[in-house]
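A single chain, nothing else alongside it, follows as structure tokens in the form predicted alone.
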């Protein structure tokens, strides 16, 4: 069924254009405010449709060549056909739509210093195409893999290394994991790149055996001297989780060193580290600027303590709390590496140690960048009932962030500023920064 002449009124989070058809809302990807479009119906609910664009009658946004042969199929990008600075304006509009009562406090979106080839971490799913293993990205709304050999988000060198790994796997007659049958071996190819352009290569397998690894090591190190590590991660679980709990370090170490600003960090291949190094530095500088001198800071969901170390010289003390043991090991190393004498790291769930930390260290400021689901109700309650008077909240999901901040504002906090940062150019994703005080 074709829905005719839908006028797109605004863009909303997750990259959909929003219009109406016969009194119902219509969500259509790859459309923008001012478009008039026909849509192929995908699904119908009680009060909305989902559709795909099939014909454009009018557009107010100037579209540009997408520079990618699989742009309309691939789920990796959804704004590659729009001028980059127009993307930033659209992302500000998304935040304004989520926070209509705070429009005057919302800054312009801070653009990424690099719009292309900005990702320092990527995991490609693999598939069989023409009897050969290829790497790619998942097609929109599916687990079908489309080729990523022209991907704009990572460096051309990473694409070259990925292809070389695939060549080896094909020569070794390796098999691809099938999530329905549970058979096959190769699941993902992962790459992490540091500021020196040194590379960790991660091959995620279903089985413990990986064929002809010595040959692969020799090939990679001869052709790509920047490859420092080769890790086989073994994931036998039948889930969408990429990494498993066991691994084999085939070359080098399971970590490397990376930089944000003038700080250096040891990063394990399983540890969280922001994927866009340049924009992360701008965010951390903003956090530091909004921190009061001699604050007692709780750095929650701290990862390898990147934020805590970056702001330590302005704080009286910093307590980093992280549940991932690999990240905690790296954090302790990083604190010594950067000669920070006023940071401590606690390996725990935040809710288990929150009250003890607040009381013991007289915490008055909390900084966090929580998972996409936002903060659990019990965490919000603990913060509201504490003596914390400043919250610095960085979020990759502004919708769950809104829920959390509404809760804080009801408890007496006041939103002081909001800054969208474009951590992920060419995608709908937004990293939203908020400062609250009471």
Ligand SMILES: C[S@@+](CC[C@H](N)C(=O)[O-])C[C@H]1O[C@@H](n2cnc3c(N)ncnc32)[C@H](O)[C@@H]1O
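Residue numbers count along the first chain shown, from 1. Predicted model only: the values in this text are computed from it and were never measured.
Omitted here: the form predicted in complex with this ligand. The next part is about that form.
- Stretch-level contact check against this ligand in the predicted bound form with heavy atoms at 4.5 Å: of 321-329, 219-227, 102-110, 247-255, the positive one is 321-329.
- Shown alone here, residue 272 lies within 4.5 Å of this ligand in the predicted bound form, counting heavy atoms only.
- Remark: residue 366 does not count among the residues lining this ligand in the predicted bound form, judged by a heavy atom distance of 4.5 Å or less.
- Contact check for residue 190: no non-hydrogen atom falls within 4.5 Å of this ligand in the predicted bound form.
- Although the partner is absent here, residue 135 lies well away from this ligand in the predicted bound form, with no heavy atom inside 4.5 Å.
- 351 is the sole member of 164, 290, 351, 198 with a non-hydrogen atom within 4.5 Å of this ligand in the predicted bound form.
- Interface residue among 118, 310, 177, 301, judged by heavy atoms within 4.5 Å of this ligand in the predicted bound form: 301.
- Within 4.5 angstroms of this ligand in the predicted bound form, the stretch 360-375 places a non-hydrogen atom from each of 369, 370, 371, taken in sequence order.
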